[in-house]
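Here's a solo chain for you in structure tokens, the form predicted on its own.
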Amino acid sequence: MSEPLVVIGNGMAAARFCENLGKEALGRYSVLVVGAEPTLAYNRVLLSSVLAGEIAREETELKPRQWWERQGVTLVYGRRAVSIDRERQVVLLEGGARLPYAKLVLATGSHPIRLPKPGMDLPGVVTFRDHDDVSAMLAAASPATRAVVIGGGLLGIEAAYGLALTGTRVTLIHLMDRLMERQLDSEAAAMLKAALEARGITVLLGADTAAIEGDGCVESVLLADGRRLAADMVVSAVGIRANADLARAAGLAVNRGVVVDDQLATLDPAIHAIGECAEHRGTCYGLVEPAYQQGAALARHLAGKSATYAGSVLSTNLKVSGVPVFSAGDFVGEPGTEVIVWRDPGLGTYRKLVIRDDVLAGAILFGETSDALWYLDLIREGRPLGRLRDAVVFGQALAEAA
């Protein structure tokens, strides 16, 4: 008889975990997935493309309903899990339904962060996290609309770019001295800023939000230095926080996220956590690729096979504002490392590699990223470059030929 396995969360991590579990142990578990959003699992990475009008909402769906049925997975979406009874091994849903489990997987994702500033609850202030947020932004967007996007990380830049494509007048403000400071160095960030400005977006760096102002709705954003930016819509895209509310209430160990070991297990061996809600070896990744790797490792573990998750090499590989950007590993270049830089101002490309003890430790590519996965493999494998060293900056084809 199949063991009952409940997954709380119906996002990208949960979908990939169910896919992997089907490959590793189809039929071993009776799987039930609970999702708070009233929709099938979808690709959040594509929300910016929906906002930009590049794809339809329906195209973000990860798997059709028939796929879930073939996997033998029961879906309960549009229903929120409200508590976990660890003693009885039961999940309680809103409305009173009780779901027994032998194994429980938390894939609850993250909450968007709203700055603790006056006026953040005014109508017209939105986050950028789900389809409802995108619908609200599109409803307000127009050439007559003035939008202020708070946050110069990936989400903020994608929101600003998508809104700009609707004709909305967009100002992007960021507290730090450069955009995407966690993924880019100062030179690549400056190139990105120029690319955004070329697309009609005003970028203000070192801009600290003091308050959102308005009488009944958003009218302006007040900065700490006294500047006031007129606004009909404000998008808060300053980051995410692991959604560990259920785990915390159930008495599980929670720091920044739900604490898990190398088998993705919590302190309760019947309960596991993956994705943005999980904290592994002190790190909450908040990225898709680590969530997929965690889901694959957990599926193998629950199938009774040897599996260990040892952590992920962080990487970003995407098009920001229509410009290909990639970064991975330690791209800063600490003392004791060797830095190789290749620039082509005419083509608007930039490449920076960081080498430590003849091993590629980090990379940034801007404007041309066809070799990104090759560089990422070199970083992950940690093998000496050897004869590749002299031409590695020119990419895989030339380096291997040389």
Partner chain sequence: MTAHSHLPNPVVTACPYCGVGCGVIASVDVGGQVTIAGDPAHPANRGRLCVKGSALGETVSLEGRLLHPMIRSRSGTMERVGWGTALDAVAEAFSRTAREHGPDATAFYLSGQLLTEDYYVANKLMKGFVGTANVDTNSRLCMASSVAGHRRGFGSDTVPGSYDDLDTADLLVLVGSNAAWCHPILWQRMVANKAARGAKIVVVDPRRTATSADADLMLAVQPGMDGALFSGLLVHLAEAGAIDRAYVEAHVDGFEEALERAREIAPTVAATARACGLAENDVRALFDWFRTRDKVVTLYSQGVNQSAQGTDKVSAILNCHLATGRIGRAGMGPFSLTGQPNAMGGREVGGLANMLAAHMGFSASEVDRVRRFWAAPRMAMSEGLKAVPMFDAIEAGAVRALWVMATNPAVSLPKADHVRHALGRLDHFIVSEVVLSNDTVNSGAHILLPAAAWGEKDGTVTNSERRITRQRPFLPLPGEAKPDWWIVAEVAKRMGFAEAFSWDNAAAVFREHAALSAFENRGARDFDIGGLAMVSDAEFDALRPVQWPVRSVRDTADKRFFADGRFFTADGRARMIAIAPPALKAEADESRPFLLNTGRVRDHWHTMTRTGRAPTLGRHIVEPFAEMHPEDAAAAGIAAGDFIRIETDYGEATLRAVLSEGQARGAVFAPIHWSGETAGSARVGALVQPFTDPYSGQPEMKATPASLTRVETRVEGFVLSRGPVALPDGLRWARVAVEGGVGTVLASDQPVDGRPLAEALAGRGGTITEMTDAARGIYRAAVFRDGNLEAVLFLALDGRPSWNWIETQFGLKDLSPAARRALLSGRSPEGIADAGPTVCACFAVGLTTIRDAIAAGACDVEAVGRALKAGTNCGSCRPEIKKLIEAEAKLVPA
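Positions refer to the first chain, counted from 1. Bear in mind that the values here come from a model prediction, so they are computed numbers and not experimental data.
Although not depicted, the form predicted in complex with the partner chain is the subject of the following passage.
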Taking Leu46, Ser370 and Arg389 together, does each of them reach the partner chain in the model of the complex with some heavy atom inside 4.5 Å?
-> yes
Picking from 318-326, 145-153, 266-274, 105-113, which part of the chain touches the partner chain in the model of the complex when contact means heavy atoms within 4.5 Å?
-> 318-326
Applying a 4.5 Å heavy atom distance criterion, does Val359 contact the partner chain in the model of the complex?
-> no
Mark Ile55 yes when one of its heavy atoms lies within 4.5 Å of a heavy atom of the partner chain in the model of the complex, and no otherwise.
-> yes
Using 4.5 Å between non-hydrogen atoms, is Ala15 touching the partner chain in the model of the complex?
-> no
Though only this chain appears here, would Arg65 touch the partner chain in the model of the complex if you measure heavy atom gaps against 4.5 Å?
-> no
Among the candidates Asp208, Glu197, Asp85, Glu289, the residue which, in the model of the complex, approaches the partner chain to within 4.5 Å (heavy atoms) = Glu289
With the partner omitted here, the residue among Glu69, Glu59, Asp377, Glu334 that in the model of the complex has a heavy atom within 4.5 Å of the partner chain is Glu59
Within 333-348, the residues that have a heavy atom no more than 4.5 Å from the partner chain in the model of the complex | Glu338, Val339, Ile340, Val341, Trp342, Arg343, Asp344, Pro345, Gly346, Leu347
